[in-house]
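Okay, so we've got the same protein chain twice, two forms, each given alone as structure tokens, structure 1 and structure 2.
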Structure 1
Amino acid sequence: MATQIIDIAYLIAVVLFILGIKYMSHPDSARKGNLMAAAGMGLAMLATFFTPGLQNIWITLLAIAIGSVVGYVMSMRVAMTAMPQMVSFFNGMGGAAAALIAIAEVYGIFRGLDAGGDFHGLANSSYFYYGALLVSLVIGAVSFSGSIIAMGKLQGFVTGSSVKWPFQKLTNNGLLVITLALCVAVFFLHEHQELLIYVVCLLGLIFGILFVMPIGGADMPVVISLLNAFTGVTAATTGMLFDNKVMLMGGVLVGAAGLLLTLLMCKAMNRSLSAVLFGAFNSGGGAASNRDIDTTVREISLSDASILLSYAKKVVIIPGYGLAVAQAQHVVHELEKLLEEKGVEVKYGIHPVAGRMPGHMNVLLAESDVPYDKLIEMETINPEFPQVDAVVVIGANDVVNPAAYLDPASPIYGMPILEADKAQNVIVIKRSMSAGYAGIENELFYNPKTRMLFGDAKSVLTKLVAAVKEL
């Protein structure tokens, strides 16, 4: 009886997962979608506790209580700008959990300590079982260490630039081949199997680190999304271990959706997934290419900038990671309101990969109550630029680099950009002349139409708001 009810609860949970993702696809119902998915998860967890013969219930509940409190507090405290690394961290925890489950299984199997109980749909000795176990273990380990490195790169405790070492491709591919070979060996060995399984787990951890280290900070969103899909796969294989439909379905859903999201993100940057993973940008050097660029930079005073903006008909603001770092989203909204009061039409031009994650800028600007309809996507705003009197680029770089369509030698050639260089005037607010995450020069900054306002986005914007008010 209990088993049937559990199965039905799992079925409802899976439907809630699917509906949850579906509702999340529209801004108005997105929150409901998330709550539905969460309800499905709660239902599945509750149902699991009614599994006949379940032991250690109180310790498990204690562990859930600890995880819930820590997870909730962390998610409430994290700043909006630090969301990407938070997601990466949580993803790493999921991967670690899958690997730990596999280790606990292995430890039990080899000591004959299984408490019995009818938990396995698959016989313990079958190839299928070991295959699922090894996938959970290795991919869980990769997902864990990779996510932590990705988080470190975004948070700044691991260098954000692409780390290279001699024979990098060889070591990474070699490690991958060795890991796979050892996984296969587990099936054929008759002794030392357990030790070998732990070695494979260790290699997975190392591979996760080596896999993410060479990838530059700008590509971290793609990596996090991919690792998220990996965690989904481990959830699915863990589901196979326990013949558990809710884990299997939830895991496959996340795996498929995560992979698609990864590809969509690559597409937004006009790069293939393999280019992101293996062909990290050739830093500096080759980027300058053979094009002669006049490298004179023109600065603009705050009062000139305020006059230019106040008397413009149409202004487009292009936010980037610099805005997020400086926490300048509220000030920029203030500037926008001020200009609107003066009769200026103000819009935001949002590049799909501005910031560190797709949609990062939307989330950030929504936080300071910028209305939806002012956030314009790249394809819509690009044809409007010739009629725009002034573009304000705030802490964005690569997403407005005209080299993307002018210079075939540039590493970002072909990436769709916001064509700010087509506007009448461009004001660039930037801390220094340093290159963006792709590590290449931006000739927009040397364009005769461009004026620079150097400084931290927040302090510059605050002064600019004051200057506009004085007019």
Structure 2
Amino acid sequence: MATQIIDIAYLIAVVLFILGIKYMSHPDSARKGNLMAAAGMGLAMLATFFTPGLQNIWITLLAIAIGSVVGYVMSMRVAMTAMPQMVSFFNGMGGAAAALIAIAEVYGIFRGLDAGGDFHGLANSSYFYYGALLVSLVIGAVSFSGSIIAMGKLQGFVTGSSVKWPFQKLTNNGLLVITLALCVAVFFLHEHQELLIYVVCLLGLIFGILFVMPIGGADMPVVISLLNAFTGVTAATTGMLFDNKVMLMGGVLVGAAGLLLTLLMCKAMNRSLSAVLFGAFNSGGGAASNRDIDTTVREISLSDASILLSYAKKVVIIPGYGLAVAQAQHVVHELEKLLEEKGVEVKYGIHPVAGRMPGHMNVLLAESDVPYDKLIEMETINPEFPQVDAVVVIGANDVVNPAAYLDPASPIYGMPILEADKAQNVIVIKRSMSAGYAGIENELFYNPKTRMLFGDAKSVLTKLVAAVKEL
């Protein structure tokens, strides 16, 4: 009877996971989806306590209590600009948990062998079970160390947008081959291989570090979603190990969603999945375009900018990571409301990889109560730009660079962008003329229709709001 109740609870939890993911696919229902998925996880955890023969209940409760307190404190204190770092950290903890479980299980098998048991006679020691353990161990270790390095890059603990070294691809791919070869050795020579198991775990940790270290900031959205998929795989394999249906299905959902998101991010950044999987990440790093373009920089005053925006019929605001760093989302929402009071139609153009993680700009603007229907995705907003009177680019760079479709020699050529250059006027709010993550000049800055408004985004927008109010 208890087993049937647990299975029913797990089924309900999986349904809640699926509905949660569905609702999280749109900003106006994302909060509901998040709560539904959390409820499903809570139900699954509660049902697990009724598993017959469950041991160490008080230790488990203590671990849950500690994790809940830490998670609550972190989520309440973290700023929206640091949300990608927190996602990377939590993702890494999932990978670490899977790797530790695998090590504990393998250690248990070896203790049984040392006691004189036969491999096939030990509980849960089939080759399928043993293989799943090795998969969880390696992928969990890679996910943990890779996620921690990604978090360090985003937070600034790990310096440099990308780190290169001689024979980088050869080193990474060679280490991967060695790790897999050792896994095969452990798989077939399973007796008394404790040291080899720890070596495999160590190599997995090292590979995770080397895998992420060369990746520049422009590729961070891709690597975060890929590592998330890795953690989903480890959760699924761990679910198979313990015949836990909800862990298996939850891991499959996370892995599939992470992989799908990775594919979408690759498409948005004009990268192939094979390039992601086999270490062909790069930070753009190309030279400036060889095309003969006029590099004259044209500035605009706050007064002229306020007049241009106030008397426009249609304005599109394009946010980027610079907006997040300056924490200017509330000020830009105030500007939007002021312009609408003057009869201006205002929308936001959202690029799928703007910021440091997928959906970063959506979350940031939603925090400042920007209506969801004003957040327009790239494919929808691009056809409207020729009819837009003014575009305001705030802290975005590569995602509006027209070299992506004008310059075949550009490192970002073929990358889908927000086609701001097709609007009637463009105002770029930026601290300086420095390049974006791709490390190349942004041709939009030199477009005859573009005017630069230099300064910190929050400061400039605050003054711009005051100027609009005076009109």
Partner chain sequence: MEQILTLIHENLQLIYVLILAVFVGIEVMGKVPQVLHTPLMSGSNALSGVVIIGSILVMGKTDPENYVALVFGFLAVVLATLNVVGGFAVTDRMLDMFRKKKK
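Throughout, residue numbering runs from 1 along the sequence of structure 1. Owing to the predicted nature of the structure, the values given are computational and were not obtained by experimental measurement. In this text, the rigid core denotes the largest set of C-alpha atoms whose superposition between the two forms falls within 1.5 Å.
Which depiction, structure 1 or structure 2, is to be taken as the form predicted together with the partner chain? Answer is structure 1, the other one does not fit.
Does the C-alpha of residue 51 move 2 Å or more between the two structures once the rigid core is lined up? Yes; that C-alpha moves by at least 2 Å between the two structures.
Does residue 402 shift between the two structures by 2 angstroms or more at the C-alpha, the core having been superposed? No.
Aligning on the core only, does the CA of residue 340 end up 2 angstroms or more away between the two structures? No: residue 340 shifts by under 2 Å between the two structures.
Keeping the rigid core superposed, can you check how far the CA atom of residue 33 moves between the two structures, in angstrom? Superposing on the rigid core gives a C-alpha shift of 3.4 Å for residue 33.
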